[in-house]
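Single chain ahead, by itself, as structure tokens, in the form predicted on its own.
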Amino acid sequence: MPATFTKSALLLSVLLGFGQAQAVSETGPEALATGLGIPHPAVIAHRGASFDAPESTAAAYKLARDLGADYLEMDLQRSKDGVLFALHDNNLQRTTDVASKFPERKDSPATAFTMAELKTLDAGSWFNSAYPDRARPSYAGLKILTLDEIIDIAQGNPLHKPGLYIETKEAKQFPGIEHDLKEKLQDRGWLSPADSKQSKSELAVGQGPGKVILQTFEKSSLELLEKEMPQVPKILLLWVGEGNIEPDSKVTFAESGEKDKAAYYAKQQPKDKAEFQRWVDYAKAQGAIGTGPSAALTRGGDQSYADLVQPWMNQYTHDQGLLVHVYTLDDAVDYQKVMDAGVDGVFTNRASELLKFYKRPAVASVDQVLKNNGY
């Protein structure tokens, strides 16, 4: 074979290889995220910067915003009088003083209270008791926030305007919440295209078309969110258990003999490979742009669940043209593990640590940012 032919063939194969690599990079998860206006990898501040401040309060959300998180994450509920607000638990006892303010109603769901009643509660002092090493006198008396108030916070720093990552929390309890959410986001200018003339500069927040991401564990809510807001990116949250991915074992925690739930959850696996794939396929079929799977944490703890970010799982999800945003990680060892496995974003209570890990350190310390905001 002539030398010139060999060189030409070699050059052609290199160019073809480059073309294939370029094609892959242009259609891979990073390109998908970029096309949607979603940072890659994304820093999602779980209930705000909730390691350092009381979850879902102004202190936590302002801290996450000013540290530079990409998204302020929240669980959305609806009050008795129809106001959308952020709270994780159905019950108010863990994170408020409802037992002393409304002793006869302390076991009632949060949605049995009007917004005016919810606003009388102290949603910060519990944090000082639970985490004395992170306590601040200014946390006492912090309030439950409405969605409107969180939007105000997201828009409140002219140098960095994070997006909103909103979960319809146990949406079956709130018929029509998907429509209510659309109305509120529309009213506040958050559904306007980034380049729309109606989108004022102060409303063109977040990352353009990806400034809002909607998330849910419920299939029915995903379908309703897609119907109400087809143009808004949506994530189907995944975990192994009742109402979600069927486990390979029916043994309950009580029957398992495990001493803590983290150890029990870490052993949970999908019934089989096809069961996991069915949920990913469903997410895609319903218009989702990605999944939000759980992870097993290296150090365990009450946020450690089934490991649904194994490399093959992420690869399958990517092969369907979907992103993977994993919940909820706070340690560098876990950040590294999931990034090595191929995830595209992380829910974290420690936005400062995740930003540092991604070599995007905040311009000020957690302490300084809290002080700047009056905490």
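The first residue of the shown sequence is 1; numbering continues from there. Note that the structure is a prediction, hence the values are computed from the model and not measured.
There is also a form predicted in complex with a small molecule; it is not shown, and the following applies to it.
Next item on the list: Look at the stretches 262-270, 246-254, 72-80, 151-159 and give the one with heavy atoms within 4.5 Å of the small molecule in the model of the complex.
Entry: It is the stretch 72-80.
Check: Out of W279, F217, Y139, F113, which one falls within 4.5 Å of the small molecule in the model of the complex, going by heavy atoms?
Finding: Result of the distance check: F217.
Next item on the list: Check each of L237, M229, A171, L185 and return the one that places a heavy atom within 4.5 angstroms of the small molecule in the model of the complex.
Entry: The option sitting close enough to the partner is L237.
Check: Do K101 and the small molecule come within 4.5 Å of each other in the model of the complex, heavy atoms counted?
Finding: Flag for K101 set to no.
Check: Quick one: is R47 in contact with the small molecule in the model of the complex, heavy atoms, 4.5 Å cut-off?
Finding: It does: once the small molecule is placed as it appears in the model of the complex, R47 has a heavy atom within 4.5 Å of it.
Check: Looking at the partner-bound form in the model of the complex, is E167 within 4.5 Å of the small molecule by any heavy atom?
Finding: E167: contacts the small molecule in the model of the complex.
Check: So in the model of the complex, does any heavy atom of H88 sit within 4.5 Å of the small molecule?
Finding: Taking the distances in the model of the complex, the answer for H88 is yes, it comes within 4.5 Å of the small molecule.
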